[in-house]
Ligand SMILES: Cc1cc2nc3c(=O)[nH]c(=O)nc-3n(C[C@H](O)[C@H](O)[C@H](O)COP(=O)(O)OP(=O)(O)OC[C@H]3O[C@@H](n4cnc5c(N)ncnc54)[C@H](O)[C@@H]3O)c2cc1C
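Consider the single chain below, provided in structure tokens and representing the form predicted alone.
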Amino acid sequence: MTARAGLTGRVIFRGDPGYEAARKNWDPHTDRYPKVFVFAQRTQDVANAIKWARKHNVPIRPRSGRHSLEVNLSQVNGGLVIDVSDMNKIKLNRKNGTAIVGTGNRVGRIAHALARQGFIAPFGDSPTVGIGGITLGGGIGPLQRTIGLISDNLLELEMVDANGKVIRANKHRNADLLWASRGGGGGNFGVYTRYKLKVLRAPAQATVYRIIWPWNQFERVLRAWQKWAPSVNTKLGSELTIGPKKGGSVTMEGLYLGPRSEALRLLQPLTSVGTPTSKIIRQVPYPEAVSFLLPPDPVLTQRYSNQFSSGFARRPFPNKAIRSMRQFLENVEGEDAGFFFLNWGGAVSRKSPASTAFYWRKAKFYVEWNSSWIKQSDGPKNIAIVRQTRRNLQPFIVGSYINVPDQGIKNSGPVYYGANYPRLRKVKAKYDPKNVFRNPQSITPARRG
């Protein structure tokens, strides 16, 4: 069994029991057939796996929450997947307002654990996304206008580099790596094992809301939302989801870190639009607010494959953009397909684009869209419509969010990272000069000299 020599942790080769379960991702169309999975239990297991992969000339893929949305990013045929999901300790320091978390933690686990202890931990729209990946790409979500992106709250990290060496970074040492890790995307510099995050005290109560309209009112709702959402009180986070024409509806949900009476007043410009079919506006203890916004999202029972794309809007969508949206929504189907908007500003926009690797600070809102399918043969047409819609919307958006990647984007570096890309290439050249950690859209090292 020399093939296994040097690998530690829970090791599953192709052909071993448990291999099929190890292979499954949240999105079925990203599943691949790696040679081996290493479920690391400690940092040394990660170091051993990297050394083994380099010795055997096998490509490496780090994986945290299995939520990668594009192919060949968190696993690759014939490769070694370093899965950190068993590295999920959480240690809260109440006095300093910090938490040390293993990168294998799921976002929901951290958010719930800290909420019970009276602290806000940031999250996006799914509880099962891994903190490892979401943090490195920026980390957007309904709390971002109050506390910033998840990566804005990253104070310190532990990472294993291409030589299997453990590196720690904070603002005093390897500060360039900390800068790059705040939005530079996963899979670029090394395999991350631990983060120290700043966490804030949670209010005792918060107000959550969910308002649903019929699909045919989406234009009216969107026009009102995109005027209101970017400038509303920064303690209010708002996600707007527009499903496909076939079976879809329009849903606005989010939270306000304050009382219901105030939330009602702030939401009024939207609640008075159209004819909502359902309206929940509820003041609850903060831990219940977390549960409301993070409904179960199991990783292994997903039937739908998806193609996503994303961008940032600096002004409201004009009629032409909304017509392109309608065209898309009339042609896609599946309960998960559609458009998703998130309001921007507040703490996100108070940081300068160069202060972290996350560049797209000055937007009004974030937008993503996706098609979904079950039959494999429906994949190509669904991928094509998402990419065509990107071309149609290109005049109205800037950039793209690395955590919602789209491999249809050519020369993707400046699209994901804006003017920060050259600096990221320098950091890459310093920490991974031989480009060991690479994938279809990874950062290429700057040339020396």
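Here, rigid core means the biggest group of C-alpha atoms that superpose within 1.5 Å across both forms. In this text, residue numbers run from 1 along the sequence as written. Because the structure is a prediction, the values reported are computed rather than measured.
The following text describes the form predicted together with this ligand, which does not appear among the structures shown.
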Note which of 420, 382, 389, 403 lies within 4.5 Å of this ligand in the predicted bound form, where distance is taken over heavy atoms; exactly one does. 403
Tell me, out of 254, 108, 184, 139, which residue has a non-hydrogen atom within 4.5 angstroms of this ligand in the predicted bound form. 139
So if I measure heavy atom distances to this ligand in the predicted bound form, which of the stretches 411-419, 65-73, 32-40, 392-400 falls within 4.5 Å? 65-73
Can you tell me if residue 148 lies within 4.5 angstroms of this ligand in the predicted bound form, counting non-hydrogen atoms only? no
Would you please decide whether residue 133 lies within 4.5 angstroms of this ligand in the predicted bound form, comparing each non-hydrogen atom pair? yes
Distance check, residue 190 to this ligand in the predicted bound form, heavy atom within 4.5 Å: yes
Look up in the predicted bound form whether residue 124 has a non-hydrogen atom within 4.5 angstroms of this ligand, and give yes or no. yes
207, 232 and 263: each with a heavy atom within 4.5 Å of this ligand in the predicted bound form? no
State yes or no: after fitting on the rigid core, is the Cα displacement of residue 48 between this form and the one not shown at least 2 Å? no
Tell me, please, whether between this form and the one not shown the C-alpha of residue 407 is shifted by 2 Å or more, with the rigid core used for superposition. no
Does superposing the core leave residue 30 with a CA shift of 2 Å or more between this form and the one not shown? yes
